Ligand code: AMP
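What follows is one chain in structure tokens, specifically the form predicted on its own.
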Amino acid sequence: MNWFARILHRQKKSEHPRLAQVFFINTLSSQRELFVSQRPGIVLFYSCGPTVYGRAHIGNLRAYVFSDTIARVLTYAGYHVHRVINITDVGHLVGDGDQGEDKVSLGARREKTTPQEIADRYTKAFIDDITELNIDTKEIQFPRATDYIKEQIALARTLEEKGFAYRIEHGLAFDVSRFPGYGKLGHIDIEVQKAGARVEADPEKRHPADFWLWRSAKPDDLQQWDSPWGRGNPGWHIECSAMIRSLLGQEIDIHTGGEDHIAVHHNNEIAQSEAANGRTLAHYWMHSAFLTMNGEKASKSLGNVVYLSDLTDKGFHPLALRYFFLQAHYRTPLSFSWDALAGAASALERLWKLSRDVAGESKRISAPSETRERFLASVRDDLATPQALSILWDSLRGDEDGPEEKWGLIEDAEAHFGLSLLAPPTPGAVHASDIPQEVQQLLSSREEARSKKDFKEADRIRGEIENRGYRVDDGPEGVVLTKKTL
């Protein structure tokens, strides 16, 4: 049963709740718009993913917390959200244009291994990082560009047959002059580009904004395939269009990415998809602003990046970074500093303490309130997370709402923010990556015994774990392991 059939099956089994109204600023129109999906209750959602030639830095990760917040808001509003985040393991060239070496091949040469090994290594690192940020990767598809070469070739052939592409000595290029709407995302004037801005001049191309659909292989290319245009590799942009069409269909609801994708990458996706399909690619385009370091965009090329592992090595919980991101609106540039992160971590610790207190006072019983309605109105108005956080803090620190109303607000906040508010980390709790392998194996064996209702064996294993210096507590969201103190 495919994903769409599963959703329809779920809808038939239970009455679908009334969908709440959600508003987004659509980059395509630059207007605040009511979200309306093409299929009632179903959202087709694509996000541009990482190029896996190295670790994703925290500037990259902001885009995925942003897209996860969209998915959370829509899910809580009653939608079934089907998400795809692509993995670019071929085609993305150094400099983000049509010149230079393939980034994954560059990474392979740097680490003296193969492109597949590099892609495997950094895909795993990326998924591990976003999992640490409480993004549920089990509900997301992560297709790789190299698994969709045939689909990319087929799409490029369609564009050539329809007259939107032309052959040149070194491959196949898309002719932007044949697509009248080129540049409509972000109101990009390609004649300004022609004067010199973002696009490198190439004497083979009819216009500087024309872009590769297929690039002839160079002798030292580590990844290459046969095609109607000779042996080579796909252009960067074609993978997204091909995977969207294969996994979500010709027309989707939401497409997201960083604001640096607007001018070229996303306009190229629109041009090739809509030229081939004759249909709107995405109805809502949403983009997150840059994370800056000392006033400059966080970028590997500038050497000013910080990784999630750098935060955890300094003792910060990964969710402190998620809280840090949520303090600013996604369309606002956010400046990173260690002091700012420490402030976010301290605020999150206080929020966890308040959540523990309210859990006890309310006995985890929730009640509706006007505060909850204001909270939901904020997050549903183009993800106004700073305002929603302010509403949460005012309620938890004030006396206007009772314990049950506060607990209901915490439930709402957790559903939208993913900050582990329903089961805050226990002070002194051991991070999963720091648990010795033998203890992890014991925890797995104990969980298996509990699932079989063999509680005697589960207690025996608990004793073994405790003999190794750890305390085991069964919380509402799973096991909490705490290092014993002498």
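For every residue, the number given is its place in the sequence shown, counted from 1. Computed from a predicted structure; not experimentally measured.
Although it is not shown, the form predicted together with adenosine monophosphate (AMP) is what the next lines describe.
Undergrad: Only one of W407, W285, F290, F164 gets a heavy atom within 4.5 Å of adenosine monophosphate (AMP) in the model of the complex. Which one?
TA: If I apply the 4.5 Å criterion carefully, the residue I get is F290.
Undergrad: Under a 4.5 angstroms heavy atom criterion, identify the one residue in L421, L44, I70, A63 near adenosine monophosphate (AMP) in the model of the complex.
TA: Filtering the options by heavy-atom distance leaves A63.
Undergrad: In terms of non-hydrogen atoms within 4.5 angstroms, which of the given stretches 362 to 370, 257 to 265, 276 to 284, 216 to 224 touches adenosine monophosphate (AMP) in the model of the complex?
TA: Partner-contacting stretch among the options: 257 to 265.
Undergrad: In the model of the complex, does C48 have a heavy atom within 4.5 Å of adenosine monophosphate (AMP)?
TA: Within the cut-off, so yes.
Undergrad: Residue-level contact is defined here as any heavy atom of the residue lying within 4.5 Å of adenosine monophosphate (AMP) in the model of the complex; does H57 satisfy this criterion?
TA: Answer yes; at least one heavy atom of H57 falls within 4.5 Å of adenosine monophosphate (AMP) in the model of the complex.
Undergrad: If you check in the model of the complex, is A298 within 4.5 Å of adenosine monophosphate (AMP), heavy atoms only?
TA: Answer yes; at least one heavy atom of A298 falls within 4.5 Å of adenosine monophosphate (AMP) in the model of the complex.
Undergrad: Do H92 and adenosine monophosphate (AMP) come within 4.5 Å of each other in the model of the complex, heavy atoms counted?
TA: It does: once adenosine monophosphate (AMP) is placed as it appears in the model of the complex, H92 has a heavy atom within 4.5 Å of it.
Undergrad: Across 370 to 405, which residues bring a heavy atom to within 4.5 Å of adenosine monophosphate (AMP) in the model of the complex?
TA: Sequence-ordered list is empty.
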